[in-house]
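Just one chain follows, in the form predicted on its own, and it is written as structure tokens.
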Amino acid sequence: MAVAPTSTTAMVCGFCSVGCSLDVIGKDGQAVSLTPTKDYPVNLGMACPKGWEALTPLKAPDRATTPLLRAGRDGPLEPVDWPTALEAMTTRFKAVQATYGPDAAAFISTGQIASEEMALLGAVAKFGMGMVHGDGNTRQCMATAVVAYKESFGFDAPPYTYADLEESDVIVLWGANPCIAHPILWERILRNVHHPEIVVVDPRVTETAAAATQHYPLLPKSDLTLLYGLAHLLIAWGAVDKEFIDRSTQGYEAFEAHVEAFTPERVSAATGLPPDALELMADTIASGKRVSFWWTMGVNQSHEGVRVAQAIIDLALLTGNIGRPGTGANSITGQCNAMGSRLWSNTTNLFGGRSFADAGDRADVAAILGIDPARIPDRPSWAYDQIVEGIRDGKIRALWVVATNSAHSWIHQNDMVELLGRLDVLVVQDLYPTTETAQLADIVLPAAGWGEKEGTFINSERRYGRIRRVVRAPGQALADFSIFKLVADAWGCGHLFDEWSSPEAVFGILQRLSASRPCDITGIEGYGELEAAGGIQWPCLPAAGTRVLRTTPAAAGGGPSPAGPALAPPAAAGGSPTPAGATLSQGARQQERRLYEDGRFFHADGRARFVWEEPRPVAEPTSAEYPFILLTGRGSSSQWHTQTRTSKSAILRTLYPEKPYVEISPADAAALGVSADEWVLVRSARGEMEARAYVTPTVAAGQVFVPMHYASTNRLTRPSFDPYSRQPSYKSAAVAVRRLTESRR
């Protein structure tokens, strides 16, 4: 009897930013199972629940299999062929631009598609269709880290490698819950043989906090004061690396003067932490030989997140904990390709960290791509929230949403849904026509998912990894790459992208765009080497010799940076070379590489910047009407964002509560007369949601926590934004909680 042929294809997972590799087992042309890749340097044979179920969303019965077009303003979405859908899209977008100007059409991109697809979308939309405004859903997770790194280091270049989690003797997790959000990274921490102190700073007793050696439950949004207080103590004790500061930084004296006012008494009053706790935390940092600082959304999604992230960076600079194994000021990314979005989406940054506002950068990109520089916008895009406000003001009339679910995930959801309904045309490109956003669309374009297309993702530690097509997309669904090519052809600008013939061809274009920049990947020998090497971290220079990296000079000194939507360096871009010593040796084939080992950074003078600012109060404090602080975050390691994909898995659905729930302290529950598992109403000034009460001491009195994944959560959140990154502050809003009188089942 003949044995059915089988195959194994290794590729990077399509969920979070860790970038694990999975071996997908194929049989008779179908992907039938998967297992974690044993020798991949990221996950080392491990996978989280989402990874094990990565194939399941592809088989969901509600997959988008044909383009859909709404018949009339209030008619249903009806199946059409691709030519009809493309003609409708391009005709309506052109009509909007003809009537209201080219700025009236915009797009919202994603951290969920391949780097090559992001780049093609950004090129088609801006260089072909004439759009100026386009942003990504990575604005919701990583914009704060981007701006912080650019201002502090001179380029958006996270310094670390995951091996640092296994080399530290002190690991500080600030607003991070890797047990739930990044389980494989938590496993890497558990492999650390140095018995590290694990310090968690978080208002809640999260799963990670419960497993840590030290937990500091500060009052919500008092992070900046706490960080300056720690700096105050370290400086007062002389626990600073003065040699590193003098050699590799700028602005220390002014920073020292700034934190002098943050005495233990002031910090204790603001954070709710006793002075002896502050001293213990400072002493732990001071005593560590290899201290690494890690942060995620608890920092980024804040009204002053950029300054909080930079205060963490300041601590690393202050103590010289950067550029060595087990150290670093390390932002853990959110989505599977958020790093790709940061470099290659062509949204608020021109390709490769360049500036739209710089004529030299525009000319550079135009020459590389062989296009007229006049096709490149001479100003940066509005940020996501500004595009939303543009809809309100009637300035944005057509919107193309790709692989994200704005009607669920955007802050102040009720308002967002109402605004989407004002658009002259809304196009949604997604795997499913059933998302909240697709249900509002005038046109739905059916897209292929992970496992159904080719390209690369870039994970949190700057590692390029391959994704592969192991199964055909259902029906008429196409890879996003193919859809973008079809849109360009239908628009009449397809000839501009003849060279962009395949994802691998675009990877070659990205290499050219990266040349002589901090993100240089000209040393990668195509997709084949990525697969053979187990992924490769950027920068990766040619093996023949080192290359001096060209970078962008930025303004010196501390204090506030200019507010605005652009994620560009705070001063004009240029082609100035990195100073002597700021070179990166070869090591393309090394599996783990960190940046700044020579103490040189990407500013023109090679020095990192201390950056600071006086803390600001939250936009919406609690009141008699809304007495609780609402915290949001991940609920379980089995849920992902709006559950568009994880909800398709019956296995994953058994691992988290189906209905929304709210964590509330025993003291507050008793005061409200609320019993465990009772239905309650959580209400803010913007909306309300019903949820089951989970009475638990993991939240402090006066605070409640609701997971971000449920459709009703963002009815409550307040549209407050960091002024520098324009990132939403999902982590703080004022709410009220009361019992529901009627029975809920």
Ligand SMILES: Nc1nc2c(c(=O)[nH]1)N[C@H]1C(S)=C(S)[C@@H](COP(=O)(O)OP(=O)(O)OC[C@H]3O[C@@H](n4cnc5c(=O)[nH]c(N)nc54)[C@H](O)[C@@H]3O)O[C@H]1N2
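Residue numbers here begin at 1 and follow the sequence given. Being a predicted model, the structure only gives us computed values, none of them experimental.
Separately, the form predicted together with the ligand exists; it is not shown, and the next lines address it.
Although the partner is absent from this view, residue 516 stays clear of the ligand in the model of the complex, with no non-hydrogen atom inside 4.5 angstroms. None of the heavy atoms of residue 700 is located within 4.5 Å of the ligand in the model of the complex.
Among residues of the shown chain, residue 202 is one whose heavy atoms approach the ligand to within 4.5 Å in the model of the complex. Within this chain, residue 633 lines the site of the ligand in the model of the complex, having a heavy atom no more than 4.5 Å away.
A heavy atom within 4.5 Å of the ligand in the model of the complex is found for one listed residue only; from 229, 535, 175, 326, this is 175. Taking 292, 355, 345, 137 one by one, only a single residue has any non-hydrogen atom within 4.5 Å of the ligand in the model of the complex, and it is 137.
The stretch among 276-284, 233-241, 256-264, 112-120 whose residues place heavy atoms within 4.5 Å of the ligand in the model of the complex is 112-120. Counting a residue when any of its non-hydrogen atoms is within 4.5 Å of the ligand in the model of the complex, the hits in 386-408 run 402, 403, 404, 405, 406.
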